[in-house]
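Starting off, we have a lone chain in the form predicted on its own, written out as structure tokens.
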Amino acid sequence: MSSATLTKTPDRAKVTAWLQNYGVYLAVVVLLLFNIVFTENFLSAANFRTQLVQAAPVCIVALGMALVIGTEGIDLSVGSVMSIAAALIPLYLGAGPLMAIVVAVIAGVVSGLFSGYLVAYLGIQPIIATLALLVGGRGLALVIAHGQLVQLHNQDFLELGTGDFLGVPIMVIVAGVLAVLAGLVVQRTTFGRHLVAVGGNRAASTLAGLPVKRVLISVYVISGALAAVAGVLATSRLAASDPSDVGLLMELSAITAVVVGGTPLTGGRVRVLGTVFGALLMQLVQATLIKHNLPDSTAQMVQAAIIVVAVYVARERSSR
């Protein structure tokens, strides 16, 4: 091996490590600067509010997805769980917004229990276990809603998606609080340490006596509950229950946000702040393309390209 190769390899490793750790922050800054310079009316309070509100559901779902991916799993059912939550809202809204929200979140918890049980106790691969709910969940939501879009008029419920508290949208506050809680869980709790250990080496964690199955079920339950919360907020913002549309392709957006945020698909690490910025990046990419008159399908292709780049960077780092 030549001396030139020996000096180049460490430099390349440093670059890939830096990109995985900080690339998402750099990308958000670059996109913000690009839009400030080239996008008309981007630099306004109303526009920033819109971007944050639209990023909030993705951020909430991505937080749960990050915990699942931290255990070397994946949850493809989050979009369908959102649609189930949306379908249940009109059925229980007559008993009050709180009852409707509780029922929706319980549905998310039950969905997470289903996926977690398949993964932890039956040993089914996460992608297969959650694929079942991805396919069947939206169908169940359409059955619950009889395939109908239902307009909602309960002002207390609609306040969740459209209201402010001290000038900050409630949806953004909810996403921020959940992000802080997720960060504390990962960094400051025994459960967080077990989660990272299970994702890093499941066999060693089992031998060490860690509650591997309980950790696996818990992360899917959390993911399902957060997806239901996102479904509630999305339904409130739309002022309508639309199970056929709420949460559509959310799994793609959430996985992208997690991966570009620096959480490796191989597990063993969870980057909560990176996930939040990953959700902001996905929203900014979509908003930038739309504001420059590019179709939504282009945004999806760009998302796919971002995933490929992020996974490549993570692979380069892990192979060293």
Partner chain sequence: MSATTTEPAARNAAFAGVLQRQGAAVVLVLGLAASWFAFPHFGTADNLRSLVLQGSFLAVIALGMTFVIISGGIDLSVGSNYALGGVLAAYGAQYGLVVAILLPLAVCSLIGLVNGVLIARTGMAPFIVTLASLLFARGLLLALTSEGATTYKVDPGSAFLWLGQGTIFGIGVPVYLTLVLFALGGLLLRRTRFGQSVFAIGGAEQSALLMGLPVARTKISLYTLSGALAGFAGVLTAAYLQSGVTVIGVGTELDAISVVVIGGTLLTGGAGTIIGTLVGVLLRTLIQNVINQIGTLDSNYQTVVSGAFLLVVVVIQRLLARSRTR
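Residue numbers count along the first chain shown, from 1. As the structure is a computational prediction, the values presented were derived from the model and not from experiment.
FYI, the form predicted together with its partner chain isn't displayed, but the following is about it.
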- [ ] Indicate whether Leu184 is a 4.5 Å heavy atom neighbour of its partner chain in the model of the complex.
- [x] no
- [ ] Would you check, heavy atoms only and a 4.5 Å threshold, whether Ala17 touches its partner chain in the model of the complex?
- [x] no
Open item on the list: Taking any heavy atom pair closer than or equal to 4.5 Å as contact, tell me whether Tyr121 reaches its partner chain in the model of the complex.
Closed with: yes
Open item on the list: Does any part of Gly147 reach within 4.5 Å of its partner chain in the model of the complex? Heavy atoms only, please.
Closed with: yes
TODO: Could you tell me which one of Leu113, Ala179, Ala132, Ala239 places a heavy atom within 4.5 Å of its partner chain in the model of the complex?
DONE: Ala132
Open item on the list: By the heavy atom within 4.5 Å rule, which residue out of Leu289, Leu32, Leu273, Leu252 makes contact with its partner chain in the model of the complex?
Closed with: Leu252
TODO: Sort through 160-168, 102-110, 136-144, 188-196 and report the only stretch with a non-hydrogen atom within 4.5 Å of its partner chain in the model of the complex.
DONE: 136-144
